[in-house]
Ligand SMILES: C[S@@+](CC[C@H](N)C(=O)[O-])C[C@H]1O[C@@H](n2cnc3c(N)ncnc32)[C@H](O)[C@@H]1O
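Only one chain is given next, in structure tokens, and it is the form predicted alone.
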Amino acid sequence: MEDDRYTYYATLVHHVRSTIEAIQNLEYSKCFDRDYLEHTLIPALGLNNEYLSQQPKELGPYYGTGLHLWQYPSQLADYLVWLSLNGKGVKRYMEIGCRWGGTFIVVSEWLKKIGAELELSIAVDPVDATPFIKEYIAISSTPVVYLNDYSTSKSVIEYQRMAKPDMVFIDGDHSMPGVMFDHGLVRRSANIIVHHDIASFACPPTVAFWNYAREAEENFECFEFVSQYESVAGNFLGIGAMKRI
């Protein structure tokens, strides 16, 4: 099944370049227009078609297209606007758990769009790099590294200590020990730490950890992007950002 997906995604790699161009060509004022981002830009980049019971029915035409972003456009739009205001100082971006790579590509390009002097983007995942990731490595205007291993591995730990990413998106092991380890790995070096699935009925451990961390991390200011869709039974996904004070 996974091999079939990789074969299929290999036919969609042109969407990596079109995504880069869409973000590069975006009128700068649109970087702060959350309604435009939610209703126009993000759906057009393509949404994931897994666990559709957790997805709003009104976005049906966009599932299984483009980069297969596993995000709610409403949440991602709010997050991208927040990044436009808070992410200009980022030079090294890391994503722990990148799935198909859509969010990793979009955020890396977004940082460049808003004026961050991005020097390096690092993706970490134990599965083989997807066709989207491989294409992005080949055509990105800035260096991209893919660490094909668990975040708990010696190779990833050593690379993180060397690279010292100043922004990290955590979306890897969703168990309590897993999310605790990933947070602990980067909390001393990162100025921005972002957690995924902070409001999801499907991921109680990540919700619980976020609720703990936002109270315990006194050196960070916390922001939440958790808007839901009325057409979905339950709460899902959710992005939480911590910015060092």
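For every residue, the number given is its place in the sequence shown, counted from 1. Everything numeric here is computed off the predicted structure, so don't read it as measured data.
Below: the form predicted in complex with the ligand, not depicted.
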{"item": "Triplet E95, C98 and D125 all within 4.5 Å of the ligand in the predicted bound form via a heavy atom", "value": "yes"}
{"item": "4.5 Å heavy atom contact, S84 and the ligand in the predicted bound form", "value": "no"}
{"item": "Distance check, W210 to the ligand in the predicted bound form, heavy atom within 4.5 Å", "value": "no"}
{"item": "Distance check, Y150 to the ligand in the predicted bound form, heavy atom within 4.5 Å", "value": "yes"}
{"item": "In the predicted bound form, F169 touching the ligand (heavy atom, 4.5 Å)", "value": "yes"}
{"item": "Interface segment, criterion being heavy atoms within 4.5 Å of the ligand in the predicted bound form, picked from 158-166, 132-140, 112-120, 98-106", "value": "98-106"}
{"item": "Heavy atom within 4.5 Å of the ligand in the predicted bound form - qualifying residues of 62-91", "value": "W70, Q71"}
